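The chain that follows stands alone, in the form predicted alone, written as structure tokens.
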């Protein structure tokens, strides 16, 4: 008989969380710690969503998700997870750019960027200060009319080299474009500029294992291989979810699934106001990405001056369409030196990441798809030769992932790496007004993308649910 992954689960919980991305896990942890009964359901056999990992023979462990987040991750993890998790977050010191316009290495913070912009790019100090202050002052409620491109034109007219320096890492970090609202750039950029870029020492596998231990310590009922089929309502409010053929009741539900999947697959548009449905249909998905995962043979190393993060491009200019083109010209390399996993085997890993359109991969036949993956690997190895000579001879393992890979493992609509564009935030936040007790926490609006954004959005939604449940308990009639 097939294993029952819901064996022993209760028939009812205060909160059911659908999906174990960082937002979902954080919401579950906070609410479990607060004393609510919480069921966390994950359709995959691993927790983490995009923040996960995979193993290959020979002791190779690859992080799937992107490699770097702001300093604020330390504060959020310390407060909402544990001091031990926060203590394992360490800075990346060598952020490197290499393109036809310039080649440089930076610690990627405001002081170093100020030095670079004034000394190397010859921008007036007053202009640099005004730009940083403007970006720092941006918040969610600012005017959305100004685009990121217009922001750059205001401060650095005609300076494509400056735009490239300021923009390329943010495109990598959250899928942002020059056409998106300026606040979606300014808020994320300022977060990184405070103290630079950080990563988790020990790898994503250790992070998620520590988070799972914390969830269990806070009495969260964690279940894998539990695919939610439907969110069920009763008289306009959340009543239960159907999962693995079983119906489990809940006072509230948090969906950490893709926003559009939550509305149109799990819930159903017939449950919502027509105007809300129309607005939800207009929400654009963000782009997806491809990766090439490379593991060097035991004993093979890379000089750490090569960089922790390397933004490499052969394109003569910076353009959004070039970043998403199948004819890849821009790659971001994450280098995982042995110190990244100090308790593991001595291994040096390299991951190349490129933004991509789902449509460029979705309609390929199986034969065309495999050929395209092979071509992605070979062209990437050709490009890596510049930084890691004789890479093919030194390789122990190489493989690729595509937007189809992400769709398969995460069930994200169109394999979206960063959820939806900015307009998705209003729909995500407006869901509880449509259905009492139903909340969404995930990658929306670009600002909420990335590890720190996902965790912080999980915090916001957990507080919303806590307030709702407390208000419901206060208003409930006392038993006689």
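Positions refer to the first chain, counted from 1. Small disclaimer: the values here were computed from a predicted structure and weren't measured.
One more form of this protein exists, namely the form predicted in complex with a small molecule; it is left out here, but the text below deals with it.
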- [ ] Could you tell me which one of 438, 31, 39, 51 places a heavy atom within 4.5 Å of the small molecule in the predicted complex?
- [x] 51
Task: The unique member of 166, 257, 292, 238 whose heavy atoms fall within 4.5 Å of the small molecule in the predicted complex - done: 257
Task: Joint contact, 159, 317 and 380 to the small molecule in the predicted complex, by non-hydrogen atom at 4.5 Å - done: no
- [ ] Determine whether any heavy atom of residue 23 comes within 4.5 Å of a heavy atom of the small molecule in the predicted complex, and answer yes or no.
- [x] yes
Open item on the list: My question is simply whether residue 18 lines the interface with the small molecule in the predicted complex - judged by any non-hydrogen atom within 4.5 Å.
Closed with: yes
Open item on the list: Taking any heavy atom pair closer than or equal to 4.5 Å as contact, tell me whether residue 420 reaches the small molecule in the predicted complex.
Closed with: no
- [ ] Report yes if any heavy atom of residue 442 sits within 4.5 Å of a heavy atom of the small molecule in the predicted complex; otherwise report no.
- [x] yes
TODO: Counting only non-hydrogen atoms, choose the one of 31-39, 425-433, 53-61, 449-457 that falls within 4.5 Å of the small molecule in the predicted complex.
DONE: 449-457
